[in-house]
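Presented as structure tokens, the chain that follows is alone, the form predicted alone.
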């Protein structure tokens, strides 16, 4: 099993309903495979008489196919003539449906185009559990950052995880907090390296990491009361 699949399954702990659905699908696939194997075994036991009957039936089907082919050719000629008379009969491409808001869960992504292999979207109170899963799986914290969705009155908090194994696997964990009350639990108890990442994110976006023991400015002046990466910030 690949490191990506191992990590994806480990992260399913965050989403019990998805895990249950996947387990049901796995059980159904196994049952289907067993039925198919049984059918193949039964087919292998057919005797020569049944095979002769199948050959005879095949010959009859060939004769019917020849007749049907001639009939289809005639129908196609008639259909082509009708379409030439009625331009409205041309086929139209179906427009793609718009995607709705993303729900909590796990998405496998293409590393070449996205820079990540697994994209996790969860609730704010799940980020500590997600950090614990990443730590247990041997991942380290690369960065914490934010995105200001000012029109939606939300701030997105993004955690990037990576590992040093020979097989590539980079994971991003995302969540949203209120823009007016931007609070989220610190993950320092699980990953102490989150210390200055959380301080930097607090500097730039004003996100308060509750439980952080020293959430003071790291890049801005000590008396700064502004957050320069918020979209409504004015110098």
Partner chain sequence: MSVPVQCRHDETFVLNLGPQHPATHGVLRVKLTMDGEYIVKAEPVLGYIHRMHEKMAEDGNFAQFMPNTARMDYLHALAYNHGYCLAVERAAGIEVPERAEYIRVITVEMNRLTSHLLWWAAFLLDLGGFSPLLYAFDDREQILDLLERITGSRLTYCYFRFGGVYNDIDDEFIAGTYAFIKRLRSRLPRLYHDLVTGNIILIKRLKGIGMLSKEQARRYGCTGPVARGSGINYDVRKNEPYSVYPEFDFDVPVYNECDSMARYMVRMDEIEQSMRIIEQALDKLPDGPVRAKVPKILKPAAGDYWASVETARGNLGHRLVCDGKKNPYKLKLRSPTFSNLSCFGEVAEGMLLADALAFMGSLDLVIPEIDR
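Computed from a prediction, not measured in an experiment: that's the story for all the values here. Residue numbers count along the first chain shown, from 1.
Omitted here: the form predicted together with its partner chain. The next part is about that form.
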*At 4.5 angstroms, heavy atoms only, are 143, 160 and 193 all close to its partner chain in the predicted complex?*
yes
_Among the candidates 178, 210, 166, 36, the residue which, in the predicted complex, approaches its partner chain to within 4.5 Å (heavy atoms)_ = 166
_Under a 4.5 Å heavy atom criterion, is residue 108 part of the interface with its partner chain in the predicted complex?_
no
*Is there a non-hydrogen atom of residue 121 within 4.5 angstroms of a non-hydrogen atom of its partner chain in the predicted complex?*
no
_How about residue 25 - does it come within 4.5 Å of its partner chain in the predicted complex, if we only consider non-hydrogen atoms?_
no
*Wondering, does residue 184 line up within 4.5 Å of its partner chain in the predicted complex on heavy atoms?*
no
*Residues of stretch 168-191 in contact with its partner chain in the predicted complex (4.5 Å, non-hydrogen atom)*: 168, 170, 172, 174, 189, 190, 191
